[in-house]
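A single chain, nothing else alongside it, follows as structure tokens in the form predicted alone.
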Amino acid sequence: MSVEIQTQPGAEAAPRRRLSPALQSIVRVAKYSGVKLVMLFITVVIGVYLTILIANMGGYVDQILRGEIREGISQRLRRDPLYRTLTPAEQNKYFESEVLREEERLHLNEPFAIRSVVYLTNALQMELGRAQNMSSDSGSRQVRLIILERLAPTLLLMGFSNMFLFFGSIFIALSLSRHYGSIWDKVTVALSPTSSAPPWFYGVFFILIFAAIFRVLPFGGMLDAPPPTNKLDYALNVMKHLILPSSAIIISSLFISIYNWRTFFLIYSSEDYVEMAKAKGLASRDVETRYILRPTLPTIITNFGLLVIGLWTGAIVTETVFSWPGLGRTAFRAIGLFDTPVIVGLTIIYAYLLAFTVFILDFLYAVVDPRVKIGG
């Protein structure tokens, strides 16, 4: 026996409205962007907090700073004639009060666990605070001013060197990929192991040869003393001091960079679609532009993006060898002086730049490569 249920025409469930393709794409990209930003922010927080822990050696630096404070105050008070007139008990009381006041100024009277969270919160808000032991040329202890003062020399050195290295190596590698097995190709492959030496290694030899022996270039620094007053002479003087450090950076990575890009282009030039394009009679330049360079654009863009944010870090040892007044040398001094605010300030700027670059790169991939789908 079957039972038939009668339904009213208006009682049928209303069909679900589907979003338009354009709106679906917007929702998909928004969800992907939100998740990506959250994950990147968590990564930045973890990285910066680990930097704080490492810079403080888990709080061990506090003991070093306390020892330096007591030693510095002790030497200062020994030179004070009024202090020597006090009784031993009064001297000890005054000494301890001065030590306590200095520790309070540096917040060493607070537990390290609390201060590390305060450091992290301030760093994430870009409140870099004051340096403990360093200062700018103008005498300011503001970390922001210290970094800004050293930023221009680093951007000049690293920007000139890395831009020349990046575009020069791609251009030469593309030329070598056309003449695989030529004498220049073999020379590049043979010289690629020379890039195993760091830039400062070549810098020491360049200083020895061109500054100490031939005396044609300066030993280091960014300007002569006193610096030229004329703008043209000032610029030429900076360029003269730029030759040795930039040459050391370029030479240390040139051949391995050319070798890497040349191998990369050779892999793409052996694809079937490239052979098909050549068989159709397309010009070599058109084949390179459309069928070799176009598929490699995501990799080129990635390398260029990471290169740009890498300009902020500077070259710590190379800048120190050449006495170049940049961020690399500043980081080296901050590490030696256990100046945590400066170290954290440099780290948080680089972390934000890196996170922003990684976020933007995903969208650039979708623009240059139609196979990439955001959130797909």
Partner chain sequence: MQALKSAFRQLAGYPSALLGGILILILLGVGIYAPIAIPYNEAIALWRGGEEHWRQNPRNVPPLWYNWFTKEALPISFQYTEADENVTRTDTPRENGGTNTIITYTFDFQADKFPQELIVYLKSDYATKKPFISFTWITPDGREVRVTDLGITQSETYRFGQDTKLQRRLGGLPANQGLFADPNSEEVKPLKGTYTLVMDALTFEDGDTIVSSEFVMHGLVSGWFGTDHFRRDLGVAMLWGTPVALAFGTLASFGTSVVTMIIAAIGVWFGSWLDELIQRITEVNLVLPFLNILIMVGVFYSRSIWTMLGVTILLSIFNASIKSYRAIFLQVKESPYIEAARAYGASNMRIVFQYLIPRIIPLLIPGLVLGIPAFVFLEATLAVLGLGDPVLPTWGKMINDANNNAALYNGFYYWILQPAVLLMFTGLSFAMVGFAMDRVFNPRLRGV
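Numbering follows the first chain given and starts at 1. Note that the structure is a prediction, hence the values are computed from the model and not measured.
Keep in mind that the form predicted in complex with its partner chain is missing from the display, and what follows is about it.
ask   = Want to guess which of 205-213, 283-291, 150-158, 164-172 is within 4.5 Å of its partner chain in the predicted bound form, heavy atoms only?
value = It is the stretch 205-213.
message = Looking at 37, 29, 61, 307 here, can you tell me which has any non-hydrogen atom within 4.5 angstroms of its partner chain in the predicted bound form?
response = It is 61.
Listed residue that, although its partner chain is not shown, lies within 4.5 Å of it in the predicted bound form (heavy atoms), from 196, 299, 87, 182 = Result of the distance check: 196.
request  = Spell it out for me: taking its partner chain in the predicted bound form, does every residue among 25, 276 and 363 have a heavy atom no farther than 4.5 Å from it?
outcome  = Not one of the three qualifies.
ask   = Any of the heavy atoms of residue 126 lying within 4.5 Å of its partner chain in the predicted bound form?
value = No, residue 126 stays farther than 4.5 Å from its partner chain in the predicted bound form.
query = How about residue 43: is it within 4.5 Å of its partner chain in the predicted bound form, going by heavy atoms?
reply = Yes.
ask   = Though only this chain appears here, would residue 267 touch its partner chain in the predicted bound form if you measure heavy atom gaps against 4.5 Å?
value = Contact check for residue 267: yes, within 4.5 Å of its partner chain in the predicted bound form.
ask   = Is residue 263 a contact residue for its partner chain in the predicted bound form, using a 4.5 Å heavy atom cut-off?
value = Output for residue 263 is yes: heavy atoms within 4.5 Å of its partner chain.
task = Any residue of 165-192 with a heavy atom within 4.5 Å of its partner chain in the predicted bound form counts; write them all down in order.
result = Residues within 4.5 Å: 180, 189, 192.
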